[in-house]
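The chain below stands alone, shown as structure tokens; this is the form predicted on its own.
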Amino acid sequence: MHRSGVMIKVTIDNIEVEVEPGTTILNAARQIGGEVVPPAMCYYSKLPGTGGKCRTCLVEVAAGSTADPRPMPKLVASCSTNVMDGMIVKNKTSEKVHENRGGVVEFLLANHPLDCPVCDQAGECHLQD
């Protein structure tokens, strides 16, 4: 629990979870687990400064917070966007996310070498998965 004891509530794909302030959408989703968790190819929790570049973890924020329930106008990177109290997030329940994610993966694969055995990540690659 956070030092002040204050927890904030976020709803992801219709599942509510309480998390500490400063938690990213991705890490809140990981607390729920299962299909709620967006894919994340460039974010590694043990490496500071990672994330927000590959765009595969984009989610739709249907309501920003209890204080400001307006939706965010664009999809946001779940690995670098902190949750707000009362935020409502759509991952697997968002048509926008599915359309965008398909385009992102297609773009990433367009220039990806097809000969995986020469790559250092072969066998442990999130893109292959």
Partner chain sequence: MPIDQANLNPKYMKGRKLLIEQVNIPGIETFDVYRKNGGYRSVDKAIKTMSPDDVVEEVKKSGLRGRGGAGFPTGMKWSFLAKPEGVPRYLVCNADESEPGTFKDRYLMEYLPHLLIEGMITSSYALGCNLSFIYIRGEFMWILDILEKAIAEAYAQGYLGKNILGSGYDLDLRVMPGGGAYICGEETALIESLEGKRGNPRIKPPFPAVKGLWGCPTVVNNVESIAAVVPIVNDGGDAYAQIGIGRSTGTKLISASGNLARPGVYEIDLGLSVEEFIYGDDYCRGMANGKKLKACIPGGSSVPILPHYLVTKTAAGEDRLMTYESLSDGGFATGSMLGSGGFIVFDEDQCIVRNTWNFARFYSHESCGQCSPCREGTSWMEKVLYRLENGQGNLRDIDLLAEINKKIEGNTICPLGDAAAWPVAAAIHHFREEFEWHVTNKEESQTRNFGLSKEPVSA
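Residue numbers count along the first chain shown, from 1. Note that the structure is predicted; figures quoted are calculated from it, not measured.
As for the form predicted together with the partner chain, it is not shown, yet the points below apply to it.
Taken together, the three residues 28, 64 and 88 all stay farther than 4.5 Å from the partner chain in the model of the complex, as judged by their closest heavy atom. Residue contact with the partner chain in the model of the complex: residue 55 places a heavy atom within 4.5 Å of it.
Taking the partner from the other structure, the partner chain in the model of the complex has a heavy atom within 4.5 Å of a heavy atom of residue 103. The partner chain is not drawn, but in the model of the complex it has no heavy atom within 4.5 Å of residue 15. The closest non-hydrogen atom of residue 108 lies within 4.5 Å of the partner chain in the model of the complex. Residues are counted as partner-facing when one of their heavy atoms sits within 4.5 Å of the partner chain in the model of the complex; in 60-79 these are 74, 75, in sequence order.
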